[in-house]
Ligand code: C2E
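Before any questions on how it binds or moves, here is one chain, the form predicted alone, in structure tokens.
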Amino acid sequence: MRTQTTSYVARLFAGDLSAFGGPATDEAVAGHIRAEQMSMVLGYSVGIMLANACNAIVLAIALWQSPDRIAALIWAAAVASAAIAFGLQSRAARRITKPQFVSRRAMHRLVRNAFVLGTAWGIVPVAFFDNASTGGQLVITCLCSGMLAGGALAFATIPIAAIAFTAPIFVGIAICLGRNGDLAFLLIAFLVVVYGSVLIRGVFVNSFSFARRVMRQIEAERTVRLDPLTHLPNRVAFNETLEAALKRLALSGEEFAVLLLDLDRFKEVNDKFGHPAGDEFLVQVASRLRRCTRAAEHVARIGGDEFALVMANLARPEDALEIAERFVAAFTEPFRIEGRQIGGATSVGIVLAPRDGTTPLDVMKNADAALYRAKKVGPGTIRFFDASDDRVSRDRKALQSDLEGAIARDELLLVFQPFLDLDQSRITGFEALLRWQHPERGLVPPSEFIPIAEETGLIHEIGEWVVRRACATVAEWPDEIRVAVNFSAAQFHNAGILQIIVQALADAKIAPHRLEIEITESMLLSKYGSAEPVLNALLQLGVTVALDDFGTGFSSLTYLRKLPFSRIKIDQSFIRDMLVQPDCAAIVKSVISLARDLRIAVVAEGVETADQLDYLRQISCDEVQGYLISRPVSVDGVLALLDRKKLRATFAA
């Protein structure tokens, strides 16, 4: 019972209209309604405070001949000064962007101030009416009536504030007129009661109508500013919040932070378990993130798996770090989706305004740079923006911009590293390796530009170029020579990849078996859901498929059993150590034996010494690849490597 009473009182003095039988709302909507109510009060406040100051001066003049002149002057000076100060404060507040959320505490202060001002005017009839002249009494009556009307107007949307302001004036008038006993004054008291009742009723009617109008407006805006899946604010709402925070920063110096989050496993969940599971994952993530913030702050979903938060009124950077740590901790427990337990993680980049930017572009650019550095460290990492981030980000964006035109400027090229057949000591094919010859940076490693290509979608255009160029090149070689092309995860799951391969083979007029597609175990680990049908389609087409870096993943044998590979490539880490570490030698021998039973050819990567070559020949490895055979060569160097007599003399058993 006590808890219910306390809750009711809290709602009552927070301006919650449900305390008076009005529409019930949750705290988020109530905070928005309070913001609109406060905006209305501030809109009237300058004029109301000016009227208060003028009325106080008029009262002092009217009581100039009264015995209470000194007390009236002191009262008038106090009220006028307070009214002018509050009016100036309200004028300054109106220049700041209207907040989207106002707390209960702020509304409590408003109600308290209304009561103090109403009490100041309620003192007037009690203290000054009896000793005033007839004219003075008329002025007091008019002023009190005017203040009742003015208070009802100023607080027309907040019944509790209107009551807090007018009640002391009613009480003062009642005390004054009641102790006089004159019939005329009793009639005036009756009229004041009727007049006040009409005003208060009008306040309630207006406030209920106002609240419902704001609620309808909020509901309508949700369709534009709310993400339909997670019910979080979307990018439009986030941009508005950021703009408002920057305006408050410029006008009042209120600092803030922006936290940018990226989910580390969303694409994997989406691709492995399907889009419905991905949607449920996002919904559960949104729920957890929502619980990490204060009522006045809302995490927004600004992209597929990107979330952001504007943390207003930042007292110290540690506060932003604390919220970021809560976000990271929210992923500690696995997510339960469609009967499965799925782990998740997030990385967080933080910027502090004005230190890290004073425009939306600078703030978000630097937040993205901080997030990029956090993601490079690993899942669950938090990073504040640093000046070095900006340099890295600019360099990366410049690289991305240059990469967009690399094909048109003919800056991409292929080099080729051969496969050597150990039984016949002849080259059976080449792996096509992509290189980027930048006009200013020189040779850019694939490890730098391929991740950028995958993130931006350029990988599809680049991948198509590689396939077409490789097919066109192998067409100039002997018919028994194949070319192998590496495919990334994003490229492999492009819906049009089969058509691209078919067209490339047709344009080059080569047999499908001369093209080999290499995919890695790590790619299969995150994209397994749609791998099998694509691989089967490739085999039906006649293209061969190789599993690269075999042994470095977690489910190699599962893939060999379920997916139709033509060839596997043993990772070079096993080849490098097989002559010095017995366990590596045992793994290599076992893989070759297993592949033979499954009728899958084997290529050993990273062969660099003659001893490694001899050992692999002894255990019946099919093909080898590595610097011992040849480093990657240009197209012009391929024909020299195809000199069979020279190869037989060099690598014969």
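Because the structure is a prediction, the values reported are computed rather than measured. When you see a residue number, it is the position in the sequence shown, counting from 1.
There is also a form predicted together with this ligand; it is not shown, and the following applies to it.
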Quiz item: Among 126 to 134, 235 to 243, 330 to 338, 442 to 450, which stretch has residues whose heavy atoms lie within 4.5 Å of this ligand in the predicted complex?
Solution: 442 to 450
Exercise. Using a 4.5 Å heavy atom cut-off, state whether residue 466 contacts this ligand in the predicted complex.
Key: yes
Quiz item: Taking heavy atoms and a 4.5 Å cut-off, does residue 56 contact this ligand in the predicted complex?
Solution: no
Practice problem: Could you confirm whether residue 611 comes within 4.5 Å of this ligand in the predicted complex, counting heavy atoms only? | Solution: no
Quiz item: Taking heavy atoms only, is residue 36 within 4.5 angstroms of this ligand in the predicted complex?
Solution: no
Quiz prompt | Of 100, 572, 381, 566, the one that lies within 4.5 Å of this ligand in the predicted complex (heavy atoms) | solution = 572
Exercise. Note which of 90, 270, 486, 544 lies within 4.5 Å of this ligand in the predicted complex, where distance is taken over heavy atoms; exactly one does.
Key: 486
Quiz prompt | 431, 434 and 626 each touching this ligand in the predicted complex (heavy atom, 4.5 Å) | solution = yes
Quiz item: If you look in the predicted complex, which residues in 592 to 621 sit within 4.5 Å of this ligand (heavy atoms)?
Solution: 605, 606, 607, 608
